[in-house]
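Have a look below at one chain only, the form predicted alone, in C-alpha cells format.
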C-alpha cells in the first residue's frame, strides 16, 4: 500500500486534486490579484490571507501523501517566516504603488508616482539626497571604526595572558545590550552638565564641553557609540580565523627567521581575509539601517538624519505611509546592488588568487 501511494503519478496541471500544488498556486495568485484590484483593502486582506492558507494546506497535503516528512517538519518555521517577514515585505511593496496615509482610510492605485516623487520632487528630493549622503558618511566611518577596533581586539585576545577569559566577557558585553540601553548610556556619557566626557575635559580646559553642539561632534559621538557596540562582533569573526591558524606554520617561520610582519601577511592574513570580508559585508548592510542611535542621541538634529531616520519620519510622523514604503524599497534596491557588486569583486579576487 505504501509503495502504491509513493508511486502515484503527479496530478495534471488543471486537475482538481488536494495535492495539485501547481493549480493551487495559480488559483491563489489569480484570486489574490483580483481581490487586491477590485475589493476594498479591509476585505482583500482577508481574501489574500485565505489564499495563502489554502496554498500552504495544499503543500502540506502533498508532502504528507508523498512521504516528505522533512518538509512537514520545517513547515511551521517556514510559516512563521512567511507571516513575520515575507508577507509584510510583500505587503509594503504593494503599498508603495498606492496612495495611502495611515491617518486616512482611502487608498487608490497610482503606479510609480511614489517612486517618482521621492526621487524627483523639488521639496522631498533634496532632503532625501542629504539623508543618503549622511547615511554614506556613517556607513564609511562606522564600518571603518568597527573593522579597525575589532581587528585590534582580535589580535590582542588571540594571545594567552592573565584574566583573558574575564576581559573577553567584558569586551563582549556591549554587543549583548539593546541599542536603546546603549543609546541611553551614551546620552548620559555625553551630557554637558554631569557627563563623564564633559567632566574630564572640563578639568583640563576649565570650561563646559558640549560634544553634540555641531555636526562633527554629533557624528563623532554616534560613530563612537556604534563602534563600541559592534566592534566585538568583528572581533569574534576575526578571532575565529586567528585561532584556526596551525601552530606549526609559525614554528616553521620562526626556524627560517621570517619577520613578524612577513608572518602576518603570508600566514595569518590568508586565514582571516574571508572572515574580514564577511564582517565588512554584514556591518555595511547594518550601517545602512542606522536609526536607533541617531534618534536616541540627537533626534536627527545637527544635520545627522540618516535615510532610515527619514523613512521613519515620513511614514510615522508625516503619515505618508506609501511614500515611506517607496523610499525604503529604493534603499533596498541600492543595498542589493552594492551587495552583489561586493560579492562579484570578492569572487573575482578569489579566482585570481
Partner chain sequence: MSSDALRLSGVSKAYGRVRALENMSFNVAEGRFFVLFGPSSVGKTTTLRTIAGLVPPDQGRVEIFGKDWTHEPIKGRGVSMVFQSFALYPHLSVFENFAYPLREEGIVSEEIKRRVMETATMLKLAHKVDRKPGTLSGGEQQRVALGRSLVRRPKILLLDEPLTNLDAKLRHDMRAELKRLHRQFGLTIVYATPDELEALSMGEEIAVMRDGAVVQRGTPDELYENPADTYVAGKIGAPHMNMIAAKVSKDGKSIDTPLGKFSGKQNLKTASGEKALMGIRPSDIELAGNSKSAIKSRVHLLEPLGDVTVVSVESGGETLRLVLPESKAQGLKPGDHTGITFDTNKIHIFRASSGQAIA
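This is a predicted model, so every value here is computed, not measured. Residue numbers count along the first chain shown, from 1.
The following text describes the form predicted in complex with the partner chain, which does not appear among the structures shown.
S.K.: Among the candidate residues 85, 259, 104, 160, which is the single one with a non-hydrogen atom no more than 4.5 Å from the partner chain in the predicted bound form?
M.R.: So the residue touching the partner chain in the predicted bound form, by this definition, is 259.
S.K.: Only one of 220, 266, 113, 214 gets a heavy atom within 4.5 Å of the partner chain in the predicted bound form. Which one?
M.R.: None of the other options qualify; the answer is 266.
S.K.: Even though the partner chain is not shown here, does it sit in the predicted bound form so that 248, 253 and 270 each have a heavy atom within 4.5 Å?
M.R.: The answer is yes; 248, 253 and 270 each reach the partner chain.
S.K.: Please pick out the stretch from 178-186, 143-151, 270-278, 220-228 that is in contact with the partner chain in the predicted bound form, where contact means heavy atoms within 4.5 Å.
M.R.: Going by heavy atoms within 4.5 Å, the stretch is 270-278.
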